[in-house]
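Below you'll find only one chain, the form predicted alone, shown as structure tokens.
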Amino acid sequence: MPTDAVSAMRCPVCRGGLSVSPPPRRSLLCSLGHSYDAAKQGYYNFLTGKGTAFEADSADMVAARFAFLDAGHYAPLQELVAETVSASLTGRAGASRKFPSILDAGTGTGHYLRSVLDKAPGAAAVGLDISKFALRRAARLNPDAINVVWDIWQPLPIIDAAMDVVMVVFAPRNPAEFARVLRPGGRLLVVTPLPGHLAEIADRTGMLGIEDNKEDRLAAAMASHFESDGGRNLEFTLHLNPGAVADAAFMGPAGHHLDRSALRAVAASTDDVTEATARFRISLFTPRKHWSGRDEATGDRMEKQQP
């Protein structure tokens, strides 16, 4: 179990620190006795009580996303995310901790975090997602991370100022909590689709459109806790067979409303290969305000972001 990542986490009930249980080391424990056992697939479920009111991605949606990403259709995006995070981590490990730390908020099947960890071996990583079906895949793909079922809209099970990078790829954003868990000088990376993304297949498959003002809305949502640190756009052409067309439509938010069998029938009636353009924005942010304090993970004196 990656204990460096465990040291960055806190109990979702009492918010105390967590530690690894004695051998076979399959549970996470806090000092008040709350315990979280690993599922047989290797992930943890921190949702307690009524859980969450939000609808998690289904097993079929996750299967479509895994197939699409595993086929390499978004490989250029995975590579750019990995390069950007790796550059942000350069020199981030301090004398009191061995490795830099990453939070993947909305890790899904874990493909983007896998690309990051391949470029930053040894980084302490935590992947959160609301879908247990996604976490089953992510835990197998990223056994070197702690993978946890959690609702990102709730207070995160991460201690203050524990993370060097928070990455959010097509997932909900909780600016106040992201700011709380980032160390001073840390970076938030957000990936969003741009208008025109997969427009060639969107109409006939029922995919949701991308708002023209999406980038402005993101900046406004982050403004109270973060300053923009630039970013870049990425565009590339996909060559999709009918199965991949169906997976692209079903793996996103529209999958909650689409019928997969009907979607596959529509995709099967298209050309053998469909060209579609992927358009993304990779936005970077840094915490806006700071106050003096101590790093909860290490006890080191520091400046920490003030939400």
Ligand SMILES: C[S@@+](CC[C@H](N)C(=O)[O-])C[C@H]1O[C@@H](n2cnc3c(N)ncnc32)[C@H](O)[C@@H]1O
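In case it trips you up, residue 1 is the first one in the sequence shown, and so on. What you see is a predicted model; the values in this text were computed from it and never measured.
Unshown form predicted together with the named molecule; subsequent notes refer to it.
Colleague: Would residue 69 show up as a contact with the named molecule in the predicted complex if we use heavy atoms at 4.5 Å?
Modeller: Yes, residue 69 sits close enough to the named molecule in the predicted complex that at least one of its heavy atoms falls within 4.5 Å.
Colleague: Does any part of residue 99 reach within 4.5 Å of the named molecule in the predicted complex? Heavy atoms only, please.
Modeller: Heavy-atom contact with the named molecule at 4.5 Å: absent for residue 99.
Colleague: Residue 150 versus the named molecule, in the predicted complex: is there a non-hydrogen atom within 4.5 Å?
Modeller: Yes, contact at 4.5 Å.
Colleague: Would residue 171 sit within 4.5 Å of the named molecule in the predicted complex, counting heavy atoms only?
Modeller: Although the named molecule is absent here, residue 171 would touch it in the predicted complex, with heavy atoms inside 4.5 Å.
Colleague: Tell me whether 43, 60 and 138, taken together, all sit within 4.5 Å of the named molecule in the predicted complex, counting heavy atoms only.
Modeller: No, the whole trio is out of contact, none within 4.5 Å by any heavy atom.
Colleague: Pick from 130, 179, 189, 82: which residue has any heavy atom within 4.5 angstroms of the named molecule in the predicted complex?
Modeller: Exactly one residue meets the criterion: 130.
Colleague: Counting only non-hydrogen atoms, which stretch in 232 to 240, 157 to 165, 105 to 113, 213 to 221 is within 4.5 Å of the named molecule in the predicted complex?
Modeller: The contacting stretch here is 105 to 113.
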